[in-house]
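The data below hold one chain only, encoded as structure tokens and taken in the form predicted on its own.
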Amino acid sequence: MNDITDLKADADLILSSSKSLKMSAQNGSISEYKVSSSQMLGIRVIKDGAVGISYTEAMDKDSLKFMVHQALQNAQSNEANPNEKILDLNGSLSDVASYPEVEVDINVKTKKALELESEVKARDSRVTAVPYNSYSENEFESLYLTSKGRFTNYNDKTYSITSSALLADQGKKAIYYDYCLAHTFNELQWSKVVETSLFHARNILGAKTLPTGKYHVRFSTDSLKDLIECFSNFYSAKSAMDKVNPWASKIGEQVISPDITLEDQPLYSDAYRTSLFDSEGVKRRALTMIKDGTLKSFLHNSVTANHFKTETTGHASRGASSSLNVSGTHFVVSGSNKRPLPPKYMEVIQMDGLHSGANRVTGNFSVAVKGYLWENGQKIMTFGNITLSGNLIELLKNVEVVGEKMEASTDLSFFSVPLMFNDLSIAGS
């Protein structure tokens, strides 16, 4: 950093490194066995108000010098951006995960990985393939250092498994997959991913269409997470700054149902992994984005905060090779004014083609869905081959709270009370 300050410039460095192991099986044998590691160092230089970014995977002295030189050159060729600055923070922050675990022999891991395919096939003769199955373990570390004296260290290790079931019977096919994340090998739920994949695939195999019309709809927590995340620009100050956020001018206005509050909670106790600081070294805190239906704040980094003349909310996101962006941590949807469940409603458990069928500026979407039809508290049929269309803004205005217990997505990053969306358009038979 001394060379940078000598040139009357500010800078920050991100050093990220990762190690991973992945195995998957096909036809009773390990079809993929991949061990990989990577390391990357990136620099962001700000000189005379202009920003330059460069990175390298080589850590020798010449490569590092070239990286700095390239970043300075890039800054000289860019226009000044008065909103982007290295934050005047110093001191150290550490967020290093440590979970008690015992060493597991690679032969045990291989045997369990094979079972992600073999157990599915053994439990139902209609299984023709297990197209998605894998065992993975990943270690990640990121160091952040600025010319102002801020230093942060983040470290984590994750285990994950995926299984699926592709069933065929009398000319019909159905597929479903499930996964599990864990901090240690022994916490992985091997039977759960197999059983869940088979359970839903079996039901989808017998799916029927529904008549075209308007329906009350509940989304599974994973499906609701996918829908909310598809329109993440609604909550982003960067999207507002770039004029692709339909709520850009609506701070202080009611934008959704007054029964709903939406928060980003980086330290949420039930989350898979808490997050203590962002990519600019800013300590995170809970942020209420929507309170009782009224838009209170967007997710900000320092650039968007300067643009809108406010303060960063600690939601900066940047990798070693990328420019500064904005991202959330754990969305928590709470509600009030609980209503009873309607006598009849759809439960969506699978959505196909959501992103390709979504307009992130208008909020319109059209997506193929599968799930269950409920009537008087009973699951009466499985539906499929239908299209659900709507507008997220209108959906959130007409949503009702139908339960009190917080439900979590599979990856434990999204939490919501049970919600019912009324009068959604279904194109079926």
Partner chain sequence: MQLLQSHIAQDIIGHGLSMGADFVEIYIEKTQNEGFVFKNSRAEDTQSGIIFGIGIRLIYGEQALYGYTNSTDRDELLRITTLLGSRIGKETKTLASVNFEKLIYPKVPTITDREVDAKYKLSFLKKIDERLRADQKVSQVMLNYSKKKQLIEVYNSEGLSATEERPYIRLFHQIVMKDGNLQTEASFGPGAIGGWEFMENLKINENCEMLLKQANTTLYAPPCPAGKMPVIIDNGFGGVIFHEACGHLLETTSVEKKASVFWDKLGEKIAHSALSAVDDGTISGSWGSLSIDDEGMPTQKTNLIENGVLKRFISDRMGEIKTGHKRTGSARRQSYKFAPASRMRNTYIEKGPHELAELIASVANGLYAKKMGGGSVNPATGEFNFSVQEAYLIKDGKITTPVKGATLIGTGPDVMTKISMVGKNLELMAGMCGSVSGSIPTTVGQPCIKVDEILVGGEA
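Positions refer to the first chain, counted from 1. It should be emphasised that the depicted structure is a prediction, and the values quoted were computed from it without experimental measurement.
Another form, the form predicted together with the partner chain, is not on view; read the next lines as being about it.
Enquirer: Is the partner chain in the predicted complex close enough to Gly149, Cys180 and Gly377 that every residue in that trio has a heavy atom within 4.5 angstroms of it?
Expert: Result no, not one residue of the spot touches the partner chain.
Enquirer: Only one of Pro343, Pro258, Gly213, Gly206 comes within 4.5 Å of the partner chain in the predicted complex by heavy atoms, so just point that one out.
Expert: Only one listed residue qualifies here, and that residue is Gly213.
Enquirer: Given that the partner chain is left out here, which of Ile386, Ile46, Val399, Leu373 has a heavy atom within 4.5 Å of it in the predicted complex?
Expert: Flagged contact: Ile386.
Enquirer: Is Ser275 near the partner chain? Define near as a heavy atom within 4.5 Å, in the predicted complex.
Expert: Ser275 lies outside the contact set for the partner chain.
Enquirer: Using the partner position in the predicted complex, report whether Ile106 sits within 4.5 Å of the partner chain, counting heavy atoms only.
Expert: Ile106: contacts the partner chain in the predicted complex.
Enquirer: At the 4.5 Å heavy atom threshold, is Lys34 in contact with the partner chain in the predicted complex?
Expert: Lys34: yes, in contact with the partner chain in the predicted complex.
Enquirer: Should Val193 be classed as touching the partner chain in the predicted complex when contacts are defined as heavy atoms within 4.5 Å?
Expert: Val193: no, not in contact with the partner chain in the predicted complex.
Enquirer: Please name which of the stretches 287 to 295, 220 to 228, 131 to 139, 260 to 268 has residues with heavy atoms lying within 4.5 Å of the partner chain in the predicted complex.
Expert: Answer to the contact question: 131 to 139.
Enquirer: Along 309 to 325, which positions have a non-hydrogen atom within 4.5 Å of the partner chain in the predicted complex?
Expert: The stretch touches the partner through Ser321, Ser322, Ser323.
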